[in-house]
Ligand SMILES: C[S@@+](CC[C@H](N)C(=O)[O-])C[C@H]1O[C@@H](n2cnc3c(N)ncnc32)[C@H](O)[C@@H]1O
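We begin with a single chain expressed as structure tokens, specifically the form predicted on its own.
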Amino acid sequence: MSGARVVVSTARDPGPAQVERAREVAAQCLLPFVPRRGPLSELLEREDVDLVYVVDRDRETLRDTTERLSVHEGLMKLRAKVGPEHPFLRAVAPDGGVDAVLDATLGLAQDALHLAHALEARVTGLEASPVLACLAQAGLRRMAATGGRFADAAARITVRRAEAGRHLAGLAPGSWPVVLLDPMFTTPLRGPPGYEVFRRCAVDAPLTPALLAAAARVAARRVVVKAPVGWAPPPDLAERFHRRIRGKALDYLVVEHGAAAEDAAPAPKPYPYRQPRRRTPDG
């Protein structure tokens, strides 16, 4: 996690369940639990506090003085409206037939939710930041319990607190059909409300040859890497990609296996290279 100093608290007048959950989050994340005794602003004014993880009755949020971050449906209605022609789906499942995906950089679980909804896929999401992992788990659990449009999709997602490279190293070859990577970008994309809070908690996860190789070893069918539009991989990565699916704000670079690799054209590389450093918050 970044150097942000985080404490865990509750909303005002919490019930026993909220206090218990806040203590659970604090223990899981190795963070201080601070009982709520006044306005949230008082906590955020402390010199030793940058962010507060707030457990409320119906939602868990991560907050600073101006923004709040939570896991929710986000842009899912818009993504669902595009349907199978969405570039993300064309990258992950060009034939429409993927039933399981390992999202190695979960973030706020928007990509995982998209895949679980559109493909009815089982998704396991890895998140290296303990704070973001707790936030994602809480948000998905709440969505699954509400019975809304995306409840079934949220229920198909499993959140694991794990660093991508280490977790991939412990998996058997070909144990997941698809592995998704969302590395950090040098120039971050314009994010939704709460993006700055996300950035302060996210773990740096640049795309390296070792990480891509580990993902390719685990993926039986393909690896999909999210990147800014026009991002060109460096020479030690470029030759590993077989195709690029272009979107409005993001490109999806794909490593194919088997017959798909033989038929796929190399990904175009007409843009100057920039080393990725920050990932998008949708994950």
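Because the structure is a prediction, the values reported are computed rather than measured. Start at 1 and count along the sequence shown; that's the residue number.
Heads up, the form predicted in complex with this ligand isn't pictured, but that's what we're talking about next.
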| property | result |
| --- | --- |
| Position in contact with this ligand when the complex is considered in the predicted bound form, options 164, 119, 91, 76, heavy atoms within 4.5 Å | 164 |
| The unique member of 203, 144, 213, 80 whose heavy atoms fall within 4.5 Å of this ligand in the predicted bound form | 203 |
| All of 106, 109 and 198 within 4.5 Å of this ligand in the predicted bound form, heavy atom check | yes |
| 4.5 Å heavy atom contact, residue 137 to this ligand in the predicted bound form | no |
| Partner contact for residue 124 in the predicted bound form: this ligand, 4.5 angstroms, heavy atom | no |
| Residue 154: touches this ligand in the predicted bound form, heavy atom cutoff 4.5 angstroms | no |
| Any non-hydrogen atom of residue 102 within 4.5 angstroms of this ligand in the predicted bound form | no |
| Partner-facing stretch of 145 to 153, 92 to 100, 169 to 177, 125 to 133, counted where any non-hydrogen atom is within 4.5 angstroms of this ligand in the predicted bound form | 125 to 133 |
